[in-house]
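Coming up is one lone chain in structure tokens, specifically the form predicted on its own.
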């Protein structure tokens, strides 16, 4: 029997400490802990890694502190288009959705696509229609909006108007959530969900729903969920690159993940991060930005979350 483990990220490029209240930082850490416990509960009962990553991401999608679901980024048209994916390392089955506008939890829709076995990705109106047919909860597009995202788009448009759009912080520009898990049978799974980046072009699709770019899982190798400027992750096939380094070059998980973040992706001068989990051991979560929302429950059952350099132990899972 394998040791169960789970990890998550809530997006790289966390705000500077003084740009958010202590109460908001504490609540975001608590929501990450809640998300990890949701997945861990499933694993402890002998459930699948696939179910665990879905449950974890659902909690993050429902939290206003993260750029996925409620709290997602706004497009330049001031509405929301959401992307998500999920992958089963045991079978390499995957499901993904993009430019979803009315499905409350896009990761649930991605899972429904996976379970259907008919396609890997659905987009736009057709994806939302499929969600309705599956009986998933539907919401008006405005349900995803928070004041924080309205303020972020306004700031970015002001910077764009003055020619200072590029220097905007990673926290202002984007964010993503994701989870990786290993169950008692040794199976791996990964899931990722995002609202994209603030003020994005309508119809833009990033790496989060692209299998091999933002999400990847293969039993015996690794499970990966990425966060950062999606266009580069797509071009570099970043999530799969970690698996390939491990399977074909014999690199350890930590070495492969760090090489992708600090060499491959950093060479493009972008903010990047990820959470990854191997066939054995605990999750790794490298990032090259000021901070990254992240957390994990170790094989010993200890829960840890963080937003910046310092780790916050949250006690037993």
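Residue numbers count along the first chain shown, from 1. Computed from a predicted structure; not experimentally measured.
Unshown form predicted together with another copy of the chain; subsequent notes refer to it.
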query	finding
226, 107, 87, 82 - the one with a heavy atom within 4.5 Å of another copy of the chain in the predicted complex	87
Selected contact from 112, 120, 184, 136, since only one has a non-hydrogen atom within 4.5 angstroms of another copy of the chain in the predicted complex	120
Check all three, 76, 91 and 94, heavy atom within 4.5 Å of another copy of the chain in the predicted complex	yes
Interface stretch in the predicted complex with another copy of the chain - options 184-192, 137-145, 67-75, 124-132, non-hydrogen atom within 4.5 Å	124-132
Residue contact check: residue 249 to another copy of the chain in the predicted complex, 4.5 Å heavy atom	yes
Close approach of residue 150 to another copy of the chain in the predicted complex, 4.5 Å, heavy atom	no
Distance check, residue 235 to another copy of the chain in the predicted complex, heavy atom within 4.5 Å	yes
Contact test in the predicted complex: residue 219 vs another copy of the chain, heavy atoms, 4.5 Å	no
Stretch 183-210 - residues with a heavy atom within 4.5 Å of another copy of the chain in the predicted complex	201, 202, 203, 204, 205, 210
